[in-house]
Each structure stands twice: as structure tokens, then as C-alpha cells.
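What follows is one chain in C-alpha cells, specifically the form predicted alone.
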């Protein structure tokens, strides 16, 4: 393996893996606070990308379109929580909740198809289409936005959970929902905040990655599967595991595409996930809750 090739594949893998990590963090936050595995998570990635493209087409500045898309998706997430999750989260079983989230995913995909069409749509790069050379490899400027954005999000989440009352309330609810309610924490409100935050993370991932991949109404399923796989690989319920799992999955796909074939990268990643979970069912870090 040439060092230049390895560095190029590593940069590509870390870039893609950062997106997977952010989506996996969304899974983790929602799961820990509500007990719901949100299989509509990837649809919020897709929806934010398409909304940003639509807003730019209305001649709204790119930065405002990106912010607006995330805020709209957060509002949609709040409405979905109020209509689907909140009424049944305390009395429905896990299977029922999974079916509900799958139904939401299908609904969002159909709505996106009706509103935005079936063609893939591109979003301009935030600061141009240039590339930067790092030793013998190159990385696009938009990839740096993804890496920087993911790093800022992760640092922001750490500060949110460690320094704010809302973050501490989410931690307490994740640790023991009944005990949190007994000490005065409004667990239903925490559930709403966690759902909106988790889906908002997916939306942020969407606006960051769309300039590199374009957006189409069918791509939500891919992000759902990759985000879920990353969360499971790292350790479902662990924020650290979500980050490690996302980066590991991205690197595995990049090296598989580079040295085997891009047609086999998903298969190789899936086989690796199954193998790791067979020997370490809790994932790389181990399953645990938000703290």
C-alpha cells in the first residue's frame, strides 16, 4: 500500500465517517432520552439538504438557506414528536415504536418526492470548489467544512450536556426516567428536546454533506442505515461510541472501495459490523447511556 494512497483513503474515510458520526449521535440522543430507535433519522438528513437547495433557488443567501433548512427540520421534528411519539411513548412497546418511526420515514420520503421531485439536486459549496493538498493527498474545501462542523458539533454537545440544566436533565432522564420524574424533571419536555436535538443533528449533517453528494428523496434510507450501523458498531447509546463507530465505518468503506471495489464497500462494512458484534455485542466502546 502506497503511503499517498493510504492518506487519501484515510482523509476520504474520515470525512464520510464524520457525517455518519453526527447521524449516529442523533440516534443516540433520541434513544437515550426516549427509548425510541428513530428509524426516520436519515430522512431528516435528506429533508434538510433538499430544503437548503430549495431556499437557495429562491435567491436566499447560502448561509441563511442552510440555517433556515435546519430550523424548518427542527420544527418538523417537534410536530412529529407531538403527533406520533409523545402520545404513545410511555405505553407502547419497542416494536410499536419502531413501526411508528418507519411510518414517519415513509411519510417524509413521499412528501419530499411530491415537493421536490425525483431528480438529484446540488447545493453550492460553502466557500468554493477548491481543494487543499496535504502531503501527497488532497481534500476539498467542503470536506473541511464537514470535518470542522462535525468537530464543533461534538464539542458543543459536550458543553451542552456538561454545563447546561437542559443537558443535565437529559442525562438524568437517560440514566433513570422514573427517578428523574420523581425529582421534578419534566421527562416529557426532555423527550421533546432530545427528539428535536437528535433530528436537528441529522439536519446539520444534511446541509454539510449535500454540496458533496447532492440531495434526492431516496437518500434518507442510506443515512439511516449507515447512522444506525455506526451507532451499533461503536456501542448503541454511547455518544463516544457513536463518534468512534462513525469514523470506523467511514474508514472501512474508504479503504474497501480503494483496495477492493466500490461495489463491495457496503458489503464489506456490513460483514465487519456483524463480525465485531458477534465477538463484542456491546460494540467497540460498549453500550451505555449518555453520561
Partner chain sequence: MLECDALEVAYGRVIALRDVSLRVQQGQVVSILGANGAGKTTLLRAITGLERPRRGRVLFEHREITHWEPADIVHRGISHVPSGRQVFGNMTVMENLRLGAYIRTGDRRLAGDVARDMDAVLELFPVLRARVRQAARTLSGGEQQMLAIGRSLMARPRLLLLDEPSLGLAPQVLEGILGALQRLNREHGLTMLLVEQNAHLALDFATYAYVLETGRIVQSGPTSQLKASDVIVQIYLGLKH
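Given the structure is predicted, the values throughout are model-derived calculations rather than measurements. Numbering follows the first chain given and starts at 1.
The same protein has a further form, the form predicted together with the partner chain, not shown here; the description that follows concerns it.
Though the partner is left out of this view, residue 156 does not reach within 4.5 Å of the partner chain in the model of the complex, counting heavy atoms only.
Contact check for residue 75: no non-hydrogen atom falls within 4.5 Å of the partner chain in the model of the complex.
Proximity of residue 148 to the partner chain in the model of the complex falls outside the 4.5 Å heavy atom cutoff. Interface membership of residue 179, defined by any non-hydrogen atom within 4.5 Å of the partner chain in the model of the complex, is confirmed. Residue-level contacts in the model of the complex: of 105, 196, 172, 85, one residue has a heavy atom within 4.5 Å of the partner chain, and it is 172. Between the options 136, 168, 96, 127, the residue in contact with the partner chain in the model of the complex by a heavy atom within 4.5 angstroms is 168. Comparing 148-156, 179-187, 197-205, 67-75 against the partner chain in the model of the complex, the single stretch with non-hydrogen atoms within 4.5 angstroms of it is 179-187.
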